[in-house]
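Presented as structure tokens, the chain that follows is alone, the form predicted alone.
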Amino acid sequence: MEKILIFGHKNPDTDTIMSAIAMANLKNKLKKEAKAYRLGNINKETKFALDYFRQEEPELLEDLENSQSVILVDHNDFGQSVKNIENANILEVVDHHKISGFSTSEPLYYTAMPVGCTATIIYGMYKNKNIEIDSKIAGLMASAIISDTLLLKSPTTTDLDKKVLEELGEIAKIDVKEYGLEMLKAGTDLSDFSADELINIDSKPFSTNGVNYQVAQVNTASIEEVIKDKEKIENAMKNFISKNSQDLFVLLITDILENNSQILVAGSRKDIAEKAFNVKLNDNTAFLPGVVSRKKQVVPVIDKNC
């Protein structure tokens, strides 16, 4: 039986890791040989959740052999995926992002829903197949929803996310709010990250109308604590732009307690960020009240102004 490789995007976040694990578990229960992988180092938030539920982190995947069978979760953009993905045999995609120039040479299963988290979609797959979700997998999937919806406070949150999180919390036997705050706070400890590491914790490339740009996001309990290293962070962003031929880099520094963000912007097309958010950058920064979602509140408005 051919092994199926399952993975999410580069610079993995909690949803990408947990959805890969949950999807591999589902396929194994359906008598398919599948294994979850990661496309980068896990962050502190994800490590907290993995340790809490005593789950080993997936093996690192750096390249694919031609024609390997894969399932993509939490992404569909080849630029955010593993090296040589264009030569893979993509069997299935499960995602909650916009479809970005995705094409394959063969038919496939493609499940996309406008919900807050990929794990929410995968939960429905378990239910549709009448497969029981054990407490560990439930806890990991709950962690994904908590992360991607900022404990149901993000504008990406849907009623389905709320319902699924409640049910997963019961299966995992956790107090969702108490556990969720503890997990999110674990991810805000940025003290031992270099500036280069900081801008790559959760960073994604995009390209629209010939404009190549990067949007990174870090969660914190204190924007001031992050922005105090502004000069080092800006230098890291400029170096990234130079090495990767980007026109724009937007770092979204999100306060998970107050549900606001501050952006730090670099690149030759900073004007796009000003138009997108209707702000005037002050020393390359601007405060964005109520903005917490890269997927819904940042990338779409940048795209419209490219």
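Everything quoted here is computed from the prediction, not taken from an experiment. Residues carry their position along the shown sequence, with the first being 1.
The same protein also has a form predicted in complex with another copy of the chain, omitted here; what follows describes it.
Note that among 211 to 219, 164 to 172, 141 to 149, 97 to 105, the stretch whose heavy atoms approach another copy of the chain to within 4.5 Å in the model of the complex is 97 to 105. Of the residues given (Phe78, Phe193, Tyr110, Tyr126), Tyr110 alone sits with a heavy atom within 4.5 Å of another copy of the chain in the model of the complex. When another copy of the chain is considered in the model of the complex, Lys295 lines it closely, a heavy atom lying within 4.5 Å.
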